[in-house]
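What follows is a single chain, given as structure tokens, in the form predicted on its own.
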Amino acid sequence: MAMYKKYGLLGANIAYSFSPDLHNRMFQLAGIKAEYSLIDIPRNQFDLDVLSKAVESFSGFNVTIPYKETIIGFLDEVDEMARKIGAVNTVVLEDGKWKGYNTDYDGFLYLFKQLEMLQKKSATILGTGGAAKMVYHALMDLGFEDISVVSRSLDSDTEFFKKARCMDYIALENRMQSSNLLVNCTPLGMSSQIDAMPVSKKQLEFYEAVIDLIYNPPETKLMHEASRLGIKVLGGLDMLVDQALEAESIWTGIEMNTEKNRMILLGMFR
């Protein structure tokens, strides 16, 4: 009997994740003998020995909060795009070496296209972590000229966002300036803090469109309040599925990112 390959999601406090259901269904659709599970490592226990032991029987894994940036220092190789972004969300074992990729980038571009925005001039990114770095590069590649990055503290990793305007949330709330797009790259609004919003309702009124990268719940409070104001809104579920399909292609060498697969997988959560 052929042995199952093992894959998983590396993160901390990730019981909320849809990824096991998503990837195990993908393997089933493709007839691939593999299984996907959670690799949950607390922040205060994360080091090379713990990580190596956790993934020693794995052929690949995804990476989520809070390790998308940290993981780079543990890898043998990093794809050019992932290195440019400074964050990895997909890792594969190739010829005995761990190599990192960023499939979030393609997933975000797919999500953004659905907005069908006519103007791509100004945007505001909430957060400065791995997801925010990916969004920053994607928006620059899309042609956005005026990008603001918002952090809880200006002592955080704002040096990365050299061409952006960096500010804290107090400055953002005091800013009365219209912007084409708001992108939430923070965990505020996830299922564990479902009533939280990263910005005020008043601040929302200045945006033409809102993207919330959170996918659980499918509609966050931020998305709900933006919709009530008549603002275009997209959540992170489509991006989750698209980046996962790209990751599967990297792991298996099989083209998985098809419209048919996308529709089947999205149907699982809607």
Ligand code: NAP
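Here the structure is a predicted model, which is why all the values come from computation and not from measurement. Numbering starts at 1 and follows the sequence shown.
Here the subject shifts to the form predicted together with the ligand, a form of this protein not shown in this document.
With the ligand omitted here, the record of contacts in the predicted complex names 123 to 131 of 73 to 81, 137 to 145, 175 to 183, 123 to 131, defined by a heavy atom within 4.5 Å. Shown without its partner, this chain lists Met190, Ala171, Leu109, Leu115 as candidates; in the predicted complex, only Met190 has a non-hydrogen atom within 4.5 angstroms of the ligand.
Contact check for Val210: no non-hydrogen atom falls within 4.5 Å of the ligand in the predicted complex.
Within this chain, Tyr215 lines the site of the ligand in the predicted complex, having a heavy atom no more than 4.5 Å away. Interface membership of Arg165, defined by any non-hydrogen atom within 4.5 Å of the ligand in the predicted complex, is ruled out. In the predicted complex, the ligand sits beyond 4.5 Å of every heavy atom of Gly60. Contacts of stretch 68 to 88 with the ligand in the predicted complex, defined by any heavy atom lying within 4.5 Å, are made by Lys68 alone.
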